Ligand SMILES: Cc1cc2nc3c(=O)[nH]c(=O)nc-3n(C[C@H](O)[C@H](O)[C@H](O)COP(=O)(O)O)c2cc1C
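Coming up is one lone chain in structure tokens, specifically the form predicted on its own.
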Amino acid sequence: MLNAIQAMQSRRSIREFGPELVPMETVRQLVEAAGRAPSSKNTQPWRLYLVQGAALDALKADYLAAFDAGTKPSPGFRYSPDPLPEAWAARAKANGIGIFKHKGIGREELDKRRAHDRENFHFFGAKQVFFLGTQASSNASGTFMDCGFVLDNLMLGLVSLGYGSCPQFSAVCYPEVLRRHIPGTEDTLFLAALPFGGQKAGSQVNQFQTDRMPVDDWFKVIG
């Protein structure tokens, strides 16, 4: 098992999962540990749903139907500023170019680019997906930070156990579809999806690694 530093250094987004399920005993241990995350005044504002089996198959079918029909996404919150700050935009562009190049997808191959986007709504073949949310009527964006601590715990915990994951905003962009498939979520603001599991053996796309800023570009010591 990896220690915390090793898990942080090893984490990457997995975009092709194998067929095996993470055992439920392991899932429960992971979730219980992730729930040790800090929160303001111990409010613990997170809600976590695991979708798998036939329920996940049905959700995938509706998601893919919405994507194929060109249904406009309607997320419950805006993820990024518009326009992106110049430095952010440059890194986002480099990331897009990098993964298309890694997958051998050319600039003019629009069908392959669309197929690449479509994989988000198939959850990259994962057999289990966490959906993280908070109470929509709370109207407090500060809870996003608390929920983010849980998401990070889940991702690092999975890495330490030999599994992988891929945090997604795109997969919560059809919240009404999610509410049809996850009972009792009328007042849930979905923040992220996290498909997870073992990596598909021999996967080429899973070898893609994003660049990171030099630490001195974003870390400053004062005093």
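Bear in mind the structure is a predicted one, so any value in this text is a computation, not a measurement. Numbering starts at 1 and runs along the sequence shown.
Only in words, not in the display: the form predicted in complex with the named molecule, which the text now covers.
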For this session: Find out whether any non-hydrogen atom of S203 is located within 4.5 angstroms of the named molecule in the model of the complex, and reply yes or no.
Result: no
For this session: Answer yes if any heavy atom of S170 is within 4.5 Å of a heavy atom of the named molecule in the model of the complex; otherwise answer no.
Result: yes
Exercise. Does the named molecule get within 4.5 angstroms of any non-hydrogen atom of F130 in the model of the complex?
Worked result: no
For this session: Give a yes/no on whether Y79 approaches the named molecule to within 4.5 Å in the model of the complex, heavy atoms considered.
Result: yes
Problem set entry | the named molecule: the contacting residue among L154, C166, L189, L178 in the model of the complex [heavy atom, 4.5 Å] | C166
Exercise. Hey, of 135-143, 106-114, 119-127, 81-89, which bit sits against the named molecule in the model of the complex at 4.5 Å between non-hydrogen atoms?
Worked result: 119-127
For this session: Quick one: name the residues from 199-223 with any non-hydrogen atom within 4.5 angstroms of the named molecule in the model of the complex.
Result: T210, R212
